[in-house]
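Below, in structure tokens: the form predicted alone, a single chain.
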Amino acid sequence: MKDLLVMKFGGTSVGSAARMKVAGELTAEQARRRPTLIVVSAMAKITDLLLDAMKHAEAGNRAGLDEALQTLRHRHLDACRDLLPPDRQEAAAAEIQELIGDFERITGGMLMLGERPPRSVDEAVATGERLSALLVSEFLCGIGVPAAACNAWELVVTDSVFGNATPLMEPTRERCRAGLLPLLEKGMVPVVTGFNGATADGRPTTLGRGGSDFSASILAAALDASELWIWTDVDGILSADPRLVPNAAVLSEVTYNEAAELAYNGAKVLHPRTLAPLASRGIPVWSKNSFAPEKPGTRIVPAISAKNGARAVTSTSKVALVSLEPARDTLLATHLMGRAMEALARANVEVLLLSSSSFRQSFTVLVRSEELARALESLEATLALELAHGYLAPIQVDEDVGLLAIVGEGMRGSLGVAGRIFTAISKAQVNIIAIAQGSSELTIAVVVRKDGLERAVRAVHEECRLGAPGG
């Protein structure tokens, strides 16, 4: 379809009736000009509420589950009353109750079983997006913009990795064109749930936390959209976290690679996998602020002409170093490393950084704090024999660390960039624990002590002039 615009609204952008109204008005403005499809997240904090409800169910805590269900109902029924005209409220409220009833049925099963099957979790946790899609589509219809709520499990076909599924693009493309193009051709706005999909045989899946960005890019690629706009609560992609660096600047334009690296290493503007479906089609993305829609935002494109070295620095303190060291020479380090990587892959754990020592034959991986428990469980199970017989020293864990990553296409071939970065960190009296730089020279990742992370970010930002014009 010619000139199709896909827009995604994040949790804060649909976090209340007032924000849903703004999202609806922004959608209506574009829908009057060209074909428009939108993807919505759950209301802010609702996904956490749903997960907590399921934890209560698993633990047999009926009171905790009932309290979560009551909060879920109140937030959405209140939003329904505040958002919709009186003549649309009754029918919408009935649909809200029906969706929450489905969630209550699933959690009731968890309460009886005393467990949370991954498949059931994926079906239940997408309730937040389904409720948002219902409310926003009803609001659009109420202001004269024909719209329809669409459940992405009828559109996005994925593998069966529950909790972090990967889309299968060809069958997804077929379903999207069959299910969405007829609505668009009628002048309607499909309001699609973010974050979720389903296997080819209909088992609900989810795309990982923050996966609504990913959903939007999947749909944009499947429908050959002309643009994707991602609405958040920040002005675009910045040169650093403004809470750490007051003079952080909005970048007017970045490449797919730069945006993906920043997201992967801690920046919260995009889901790390968002850009992959768009790359082969070269679909441009805008990161924009729904709280200040007049601001231009950041344009994300395949390539840019500017080659100015480092472009941005990002950081995260929610990481942990996991170190493995052979206790005997008979254990070949490369064999150990391969088995460890396989163990982490089976546990669906992302490795943010890998650093090794050639003499001691030890190596260290950096993982996200939320994935540490299952990383250790998988490593210990895989290497149980080596650990039991003393061929491998006990696995060491250091959670008192933080990661900063300096990103820029322009660092390729720029002499002295790494030296300047390390010198700036040293001058800030921060010790470097580990370093990694890929062969692409796109990112320099540095692990430091957690209490020095903010100083290191500010020092690098100042040294590389990231917030200055031309920096």
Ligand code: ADP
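Residues carry their position along the shown sequence, with the first being 1. In this text, all values refer to a predicted model and were calculated from it rather than measured experimentally.
Although it is not shown, the form predicted together with the ligand is what the next lines describe.
Only one listed stretch (385 to 393, 232 to 240, 133 to 141, 97 to 105) carries heavy atoms within 4.5 Å of the ligand in the predicted complex, and that stretch is 232 to 240. Taking the partner from elsewhere, Lys318 is found to have every heavy atom lying beyond 4.5 Å of the ligand in the predicted complex. At a distance threshold of 4.5 angstroms between non-hydrogen atoms, Arg116 is out of contact with the ligand in the predicted complex. Interface membership of Ser16, defined by any non-hydrogen atom within 4.5 Å of the ligand in the predicted complex, is ruled out.
Within this chain, Arg177 is remote from the site of the ligand in the predicted complex, having no heavy atom within 4.5 Å. Proximity to the ligand in the predicted complex, defined as a heavy atom within 4.5 Å, singles out one entry of Lys268, Arg203, Arg339, Arg173, which is Lys268. Contacts with the ligand in the predicted complex, taken as any heavy atom within 4.5 Å, map within 1 to 33 to Lys8, Gly10, Gly11, Thr12.
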